[in-house]
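One chain follows as structure tokens, the form predicted on its own.
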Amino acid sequence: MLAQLFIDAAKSCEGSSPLTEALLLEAAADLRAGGVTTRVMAGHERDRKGTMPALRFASALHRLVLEGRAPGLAKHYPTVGGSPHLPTLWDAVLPVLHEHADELRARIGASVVQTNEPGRSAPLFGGLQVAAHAAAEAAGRSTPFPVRLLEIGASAGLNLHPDRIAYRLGADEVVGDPASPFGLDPRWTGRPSADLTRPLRIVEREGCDLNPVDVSTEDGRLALSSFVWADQLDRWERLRSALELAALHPAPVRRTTGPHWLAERLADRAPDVLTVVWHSVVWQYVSPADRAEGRAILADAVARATPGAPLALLVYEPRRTHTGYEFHLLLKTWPAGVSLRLGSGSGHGIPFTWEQQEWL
């Protein structure tokens, strides 16, 4: 039932985005009452949970606000200078839904959830350092391997630049690129088991996505921005900085399926480079068939890995626990046979706790 998907999505915002939580709960009640939200969501009654119809609904409204086309609702949206007043929020939403119902329905139908959260670059940076050091140790190298970074479900490619971010670990400690326009407080508990003072060398970076976002365009920037929950200004500022960095260093993201692209990229293994396959909060959107094909392609590449041309899999995905879901950073390297759970954190990558243990 569509209303239940809205309620489930609202629960995921509890404690982190009161504005989005209230919006989705009101929309769920309106759906059950047969209100205007029913017209806006027409055609999506049978959408799968994994397509996140509620978040696409919230994004479509946010985009109208960002475009300056919903001034009454904008008063509740901090991303444009507003201040939420939850008791009157739905009163401001209703006229927007009535006025723009057809446009909203079309945008919701054409959109997919974009989870290109740049905060995930922080655990990625630490995980790449661990991988590069571990592969070097196994190969008898005195210096970490340079990295070839391949991202599945890369969206706009914002997380293909972990080496170009200034990570502020303390009042006087910065690792990564101290001169970067993108400074990030990763809010780490503990540290990765690698020497972070050694530069992370990424010699090649590329991604794939079924619906890549071109952030060199205003439409692309608006698309990504609209998926930020409007009362999470820390995420909003991170995205602004990540977009600035991406403008300086565009990263290629090809429009194609993950297995097709991965087979092509892993067929060509560069010597003296660690190839890292990376994905974050994307697995839930991948079909069972593509998952199986991707595993087979990776297994074939594993069989061809050598100490001088090693391979690693680094993922940041939700895993079910007895209390719900946790986001774990997992690493495997071949042929060294390293298999580690490096730590866990929020879905947005910040904060993160480093707690290395064997991944069985």
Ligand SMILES: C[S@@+](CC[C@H](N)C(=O)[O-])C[C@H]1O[C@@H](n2cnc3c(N)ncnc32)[C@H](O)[C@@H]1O
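All figures in this text were calculated on a predicted structure; none of them were measured in a lab. Numbering starts at 1 and follows the sequence shown. The term rigid core refers to the maximal set of C-alpha atoms that superpose within 1.5 Å between the two forms.
Just so you know, the form predicted together with the ligand exists too; it's not on screen, but the next bit is about it.
Of the residues given (G127, P186, G153, P144), G153 alone sits with a heavy atom within 4.5 Å of the ligand in the predicted complex. Only one of L86, A270, A247, L210 comes within 4.5 Å of the ligand in the predicted complex through a heavy atom, and that residue is L210. No member of the trio P192, E326 and Q356 reaches the ligand in the predicted complex with any non-hydrogen atom inside 4.5 Å. Partner contacts here mean any heavy atom within 4.5 Å of the ligand in the predicted complex, and among 96-104, 130-138, 275-283, 171-179 they occur only in 275-283. Shown alone here, T79 lies farther than 4.5 Å from the ligand in the predicted complex, counting heavy atoms only.
Looking at T256, you'd find a heavy atom of it within 4.5 angstroms of the ligand in the predicted complex. A residue is said to contact a partner when one of its heavy atoms sits within 4.5 Å of a partner heavy atom; E206 fails this definition for the ligand in the predicted complex, lying far away.
Residue contact check for R120: one or more of its heavy atoms lie within 4.5 Å of the ligand in the predicted complex. Along 156-192, a single residue, N159, places a heavy atom within 4.5 Å of the ligand in the predicted complex.
A movement of the C-alpha atom of L311 falling short of 2 angstroms is seen between the shown form and the other one when the two forms are aligned on their rigid core. M52 is among the residues whose C-alpha shifts by 2 Å or more between the shown form and the other one once the rigid core is aligned.
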